[in-house]
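Shown here is one chain on its own, the form predicted alone, set out as C-alpha cells.
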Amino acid sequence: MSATLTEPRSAHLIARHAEGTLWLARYMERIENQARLLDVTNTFARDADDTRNWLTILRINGDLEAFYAKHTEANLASVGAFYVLDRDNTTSVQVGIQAARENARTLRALISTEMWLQINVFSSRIRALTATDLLPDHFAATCGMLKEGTQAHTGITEGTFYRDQAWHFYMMGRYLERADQTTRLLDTRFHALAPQTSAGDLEIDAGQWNALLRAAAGYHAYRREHPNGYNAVEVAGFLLANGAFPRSVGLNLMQIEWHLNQLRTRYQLRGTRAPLERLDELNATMTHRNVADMMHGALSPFLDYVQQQIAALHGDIIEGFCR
C-alpha cells in the first residue's frame, strides 16, 4: 500500500498574519546579526583605534545620529548599551525581541507551541540583561547567549513550524533580512580593507578580512572555497553571488523567488507578479562576473542599489499579500 503526502489546507492566510510572520523572522534574524557584529568587533577591535572599529557597527545600521544624540564616544560600553539595553533605540536587541514576541503572540494559532515557549524564555533573558552583562569580562558570554537563543529559535522553527503559507512568509522574512544585512556589512567594511598598500600590511589585512567574514558567519565556508588567503574580488563574490553560502545575497534572493513561486503555484495566491519581476532583474545582476567588473569604483553604488531593491522587494510583498 503506497503512502501519499497530504497537502496543507489551501485557505488563504489572513493578510496581517502574513505580515506578522515576515516580521517575526526579520526581527529574530536581526538580533542574531547584531550579536554577531558586537562579538566580532569586541574580539578584533582591541587596538589603539578602538573608536573607529566600534563606529563601524553604527554605520552598518545607519545609527550614527541616533547614537550621538545620547553618547559622546563610541566604545564597547556605549555601543554595547545602545544595541543591547536601549529600549528607545529601534535597532536594539531589546526592541527587536519585544517586536518579535508581539508578532509571535498575534500568530499564536499558527506557530508551534515550542516556538512560542522558546521566544518567551528568550525574551525574559534579554529583558533581564543589565550593564553588568556588558562589562568586558561578560560581554562575549552575553553575545553568545543572544546568538544561541536566536539559533535555538531557528532550529525549533525548522523542526516544528507547519509548512503552510505562513511558513513561506516566515522564510521570505528570514532571507530578506539576511540579504539586507550582508549588503550593509559589505558596503561599510569592504573598501577600507580592499587596498593592500605594502607587504607590511598583509597581517593586519588578514585579521580584518577574517573579522569581516566572521561578522557574516562566513569565515569557514570562505576558507573551504579559498584556502590560500584573501582576495578582494573573491570575498565580494563570495558574499554576493555564492550559491551555497547561507548568507550570500544571491542565494537568499533565489530562496525568496522559490517561496514566491510556491505561493503562486501551490496556493494560487495573487500578488507575486511585482516581487517576481523585481527578483528577475536583481538575480540577473548577482553574478561573480558582474561583481568583478564593479570592483574598480562601482561596487558601493551597486550595493546601494541592491539595498534599495531589497527594501522595495519587501514593500512589493507587503503590498501584494498583506494590504
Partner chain sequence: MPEFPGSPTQSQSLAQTPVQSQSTGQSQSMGQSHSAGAPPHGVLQGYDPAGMFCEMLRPGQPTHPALSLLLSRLAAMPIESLRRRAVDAERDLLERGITFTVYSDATAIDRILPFDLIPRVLTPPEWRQIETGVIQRVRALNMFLHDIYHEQKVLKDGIIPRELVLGNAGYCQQMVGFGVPFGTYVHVCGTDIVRDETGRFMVLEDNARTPSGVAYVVENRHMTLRVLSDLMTGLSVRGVDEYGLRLHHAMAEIAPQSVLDPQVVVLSPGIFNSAYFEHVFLAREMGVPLVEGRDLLVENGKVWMRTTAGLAPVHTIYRRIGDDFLDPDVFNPDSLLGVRGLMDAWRRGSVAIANAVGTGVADDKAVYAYMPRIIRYYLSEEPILPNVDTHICAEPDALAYTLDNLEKLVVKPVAESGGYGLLIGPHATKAQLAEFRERLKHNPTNYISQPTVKLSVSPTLTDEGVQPRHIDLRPFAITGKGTWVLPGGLSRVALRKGTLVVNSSQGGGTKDTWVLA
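Residue numbers count along the first chain shown, from 1. Note that the coordinates shown come from a computational prediction; the quantities given were computed from them, not determined experimentally.
Another form exists, predicted in complex with the partner chain; not displayed. Remarks below refer to it.
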Please determine whether F238 contacts the partner chain in the predicted complex, using a 4.5 Å cut-off between heavy atoms. no
Would V306 count as a contact of the partner chain in the predicted complex, using a 4.5 angstroms cut-off between non-hydrogen atoms? no
Non-hydrogen atom contact R101 with the partner chain in the predicted complex at 4.5 angstroms: yes
Interface membership of R163, the partner chain in the predicted complex, 4.5 Å heavy atom rule: no
Taking I14, R105 and L269 as a possible spot, do all three reach the partner chain in the predicted complex with a heavy atom inside 4.5 Å? yes
Within 4.5 Å of the partner chain in the predicted complex, counting heavy atoms only, one of 226 to 234, 119 to 127, 78 to 86, 245 to 253 shows up; tell me which. 119 to 127
If we test each of Q151, T90, T113, T132 for a heavy atom within 4.5 Å of the partner chain in the predicted complex, the one that passes is T113
Taking the partner chain as it sits in the predicted complex, which residues of 169 to 188 have a non-hydrogen atom within 4.5 Å of it? Please list them. F169
